[in-house]
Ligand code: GLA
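In C-alpha cells, the next block holds one chain alone, the form predicted alone.
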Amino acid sequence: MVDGGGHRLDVARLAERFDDVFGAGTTCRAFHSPGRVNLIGDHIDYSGGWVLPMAIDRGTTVLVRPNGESVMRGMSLDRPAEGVVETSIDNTRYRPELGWFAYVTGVFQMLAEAGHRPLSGLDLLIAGNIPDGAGLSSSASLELAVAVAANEIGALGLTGAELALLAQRAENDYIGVACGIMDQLAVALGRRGHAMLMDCQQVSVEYVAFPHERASVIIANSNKRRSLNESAYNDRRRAVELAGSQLRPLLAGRRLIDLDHAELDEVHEILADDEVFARVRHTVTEQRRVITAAAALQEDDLMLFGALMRASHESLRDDFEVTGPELDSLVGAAWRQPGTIGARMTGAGFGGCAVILATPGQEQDVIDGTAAGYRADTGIDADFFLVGSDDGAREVAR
C-alpha cells in the first residue's frame, strides 16, 4: 500500500460547508489531527510503560474562526441532526447536555485552569473519518485538533507534549475516563513513516521506522461498539493501582512495569487475589513484548513482530480479560489467513478494532478470509480499511 495520504478530508469543501453553517466572513483556519492505532502495548500506558503506537491517516479536521462574540458554537458533520451546539466562553464547565461538544469545551476548560488567557468566541466545524467507538482514539483526535487550534489562534506557545497532557486532563478530569497518555501523545507527535516507541512516564517518543513496503496495516472494526465510560476500563486501572500499593515493599520504589519476569512467582505469593495477579502478569509481560517488538522492527524481523502481536492478544484475552468473544473471533480469523504477519486487538478492548499486518499484495485475501470467518462465528459483518502512518496534529492549508 502507499504510505499515508489516502484518506484526507477535503478542506476546501469543508470550508464551503463552514460558510453554509456559520455564514460568510473572514477566512477560517483548518487544523487536522490523526487517529492512532496501537501496534502493541495496551493497558500499560497508565502504569508509565513503553508502548508502540502509530498515528494513522484517518483523523479529525476542525475549521475555526473567531466570531467576535462571547460564545463558542460547534457543529459536527458526523452528527448533523444535532445541529449547532452553543455555550458561553465564560461557562465551559462540564454539563451532560453538551454531549460530544464536551470534548471541545473540556480543552478550553483545561486551558483556563492552566492559566492561559481565554480566547474570544469561536465557531468550529468538525469532520472526521475515524470510526466512532472503535478504539482508534477519535476522542483524543478531536481534543488535539481543538488544542492545536487554540494554541495557534491564541499564540499560547505550548509544545505538542504539553497539549497532549492538557488533552489527557480533559479526558480524565472533565470527561471522566481514566486514560493514560498514549492516545493523546501519539496523536500530537505522530510522524509519517514511523511508529513511536513511547515512554508514558517521561512523556517522550523515539521514532521507529515502519516498513510499509513489507507490511500493510489493516484495521478491522468488529462493529461491536464500546464505550469506555460504560466498560470495565476504569476497573482494570484500579486493579493495577491496587496491586502497586500491595506490592510496594517488593517494588522498593520501582513501578510494576519494572518487575522482572522472574519476580512474578513472588508477586503471586504476595497478592491474595488471582485476578489482580493476572492483571499484574499482563502488565509485566506486555512491557517486555513492547521492547522486543520495537527491536524487531528495527532489525526488520517481521516474523518475530507478528508472534509478539499474537502473544499480546492472548495476554489481553486471558490475563487482562478485555477482548471479548467478538474481538477474539476477529483476531482468530485473521491468524488463520496465509497472508497475515500478525494480528491483535488494539485499544482499550471491550469491542472496537483489531490491527492486522499483512503481506503487501495479499491484503484483499486477508480481508476476505477474515471477514468470512468472523461472519461465520458471530453473524456480524466487520469493516476493514487500509491505513498509512501520518504526522501529528497540525494546521493544514486551506
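Numbering starts at 1 and runs along the sequence shown. Since the model is a prediction, treat every value here as computed from it, not as a measurement.
Keep in mind that the form predicted in complex with the ligand is not shown, yet the notes after this line are about it.
Asks: Can you confirm whether Asp42, Met182 and Gly347, the three residues that make up this candidate site, all sit within 4.5 Å of the ligand in the predicted complex, judged by heavy atoms?
Replies: Per the other structure, all of Asp42, Met182 and Gly347 touch the ligand.
Asks: Pick from Phe277, Tyr233, Phe210, Phe108: which has a non-hydrogen atom within 4.5 Å of the ligand in the predicted complex?
Replies: Selected option: Tyr233.
Asks: Looking at 334 to 342, 351 to 359, 44 to 52, 365 to 373, which lies within 4.5 angstroms of the ligand in the predicted complex, counting heavy atoms?
Replies: Heavy-atom contact with the partner occurs in 44 to 52.
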